[in-house]
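Let's start with one chain on its own, the form predicted alone, as structure tokens.
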């Protein structure tokens, strides 16, 4: 995670071009592998079991390792070994920049200090970025007053980002969310949550990003925002919101889901509070909308 945020900062400082950064990040991405691949390579899980866990992740808001252990595919000891192996297989962006001769150690140290200062992060918050803890990282950027509504929004975004990483793109960077009175969009896939909470949720993007998002989730090569693309993103929203409502149910909060909706070139008016969370993916920008 830290590599992605720090890499984005490097782009804003124009130290690297987008092409150079992509090339550099591809080196660390080739080393950082998923637990499923590591488990297969270690001979402790079969491909069938790995696919089974991935399927269950569409129904349960749980990490790969947690499900694998609960299903009896891995022991706690096996999971611990795989997690240790995964950590050691990741190299830092800074190391690659130095190895490639793009920065020396002094320049890297200075750039890190500038990043921390410009972003306003404390030493502890920098360590959170380096921890790869998605929920903690999301919380860094939702620095609004922690009211009940903001807490609910934070939980929704944490789940959303986890699902993007699981099913769409590991290279997601969340920006600071903002509140608005109105929100204009090009393409919007939305769904209403009803019951104890009345929430309008959705995801918006322009044509190419919407199409790419749908293509990845549907595992089909789509060429535009057609019916299949709309259905794919609608199904992603249904899965996301289904998990969110399930999480609420375990807190004795009863909610239901309305059918998914798709709109183009329109505007959303706030109810009480309208939150927008921008996210940069490797193929473009999406925005998560939460209107309560």
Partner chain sequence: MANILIVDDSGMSRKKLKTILENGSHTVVGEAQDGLEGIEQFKTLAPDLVTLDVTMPNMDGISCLESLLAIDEDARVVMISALGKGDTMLEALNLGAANYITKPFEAEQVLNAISDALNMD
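Numbering follows the first chain given and starts at 1. Predicted model only: the values in this text are computed from it and were never measured.
Below, we refer to the form predicted together with its partner chain, which is not included among the displayed structures.
Heavy atoms of every residue among 238, 245 and 256 are located within 4.5 Å of its partner chain in the predicted bound form. Contact with its partner chain in the predicted bound form, defined as a heavy atom within 4.5 Å, holds for exactly one of 191, 86, 116, 139, namely 191. Only one of 108, 167, 185, 73 comes within 4.5 Å of its partner chain in the predicted bound form through a heavy atom, and that residue is 167. Using a 4.5 Å cutoff between non-hydrogen atoms, residue 217 counts as a contact of its partner chain in the predicted bound form.
Its partner chain is not drawn, but in the predicted bound form it has no heavy atom within 4.5 Å of residue 49. Residue 260 belongs to the set of residues with a heavy atom inside 4.5 Å of its partner chain in the predicted bound form. Using a 4.5 angstroms threshold between heavy atoms, residue 61 stays clear of its partner chain in the predicted bound form.
Between 247-255, 39-47, 262-270, 52-60, the stretch whose residues reach within 4.5 angstroms of its partner chain in the predicted bound form through a non-hydrogen atom is 247-255.
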